[in-house]
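First comes one chain, alone, set out as structure tokens in the form predicted on its own.
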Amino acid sequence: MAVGRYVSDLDTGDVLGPVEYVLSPFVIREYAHANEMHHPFFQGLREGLVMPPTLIHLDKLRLYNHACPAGTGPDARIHYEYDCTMHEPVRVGARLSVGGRVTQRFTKRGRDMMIIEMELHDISNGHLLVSYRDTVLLAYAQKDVAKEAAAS
């Protein structure tokens, strides 16, 4: 288990969270504004705002901050690809719980990659609201495998 230090140290099987929070209208409006999502469900309604599907990325950062308080690590991450399924609308004021697990860490073309699967639940009824699978490139620079082998 690599939980507790850098995101780049996470490994297969590491558990992230759960982290609980209440979804605020401020977060939805600011996120939607920053991403130019001008639909009334995200910015226009006085009541009944709904979480944009891509806001789940903020939950990934919540888990990283909770599990890896030292930050990213020596290299910047690159968000490679994701898949998000919205099972039910996520509304303002909902008490939510997000948790995740590192399901795979591997090397592709000399670069470390990691897959995280997350779920967002409504605490009041236990319903699964969002499931999310995220692939991250942990460092853009390729590893020099021969140099690492010689050093060890």
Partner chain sequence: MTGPRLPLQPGTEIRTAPRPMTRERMRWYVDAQPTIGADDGRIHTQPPTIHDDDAYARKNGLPGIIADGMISTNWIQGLLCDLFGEAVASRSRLRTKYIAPIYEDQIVIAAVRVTSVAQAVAGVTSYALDVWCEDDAGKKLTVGEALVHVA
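Numbering follows the first chain given and starts at 1. Every value quoted in this text rests on a predicted model; they were computed, and no experiment measured them.
If you look for the form predicted in complex with the partner chain, you will not find it shown, but the lines that follow are about it.
- Taking the partner from the other structure, the partner chain in the predicted complex has a heavy atom within 4.5 Å of a heavy atom of residue 36.
- In the predicted complex, the partner chain stays beyond 4.5 Å of every heavy atom belonging to residue 70.
- By the criterion of a heavy atom within 4.5 Å, residue 15 is excluded from the residues contacting the partner chain in the predicted complex.
- In the predicted complex, at least one heavy atom of residue 51 sits within 4.5 Å of the partner chain.
- Contacts with the partner chain in the predicted complex, taken as any heavy atom within 4.5 Å, map within 65-83 to 75, 76, 77, 78, 79, 80, 81, 82, 83.
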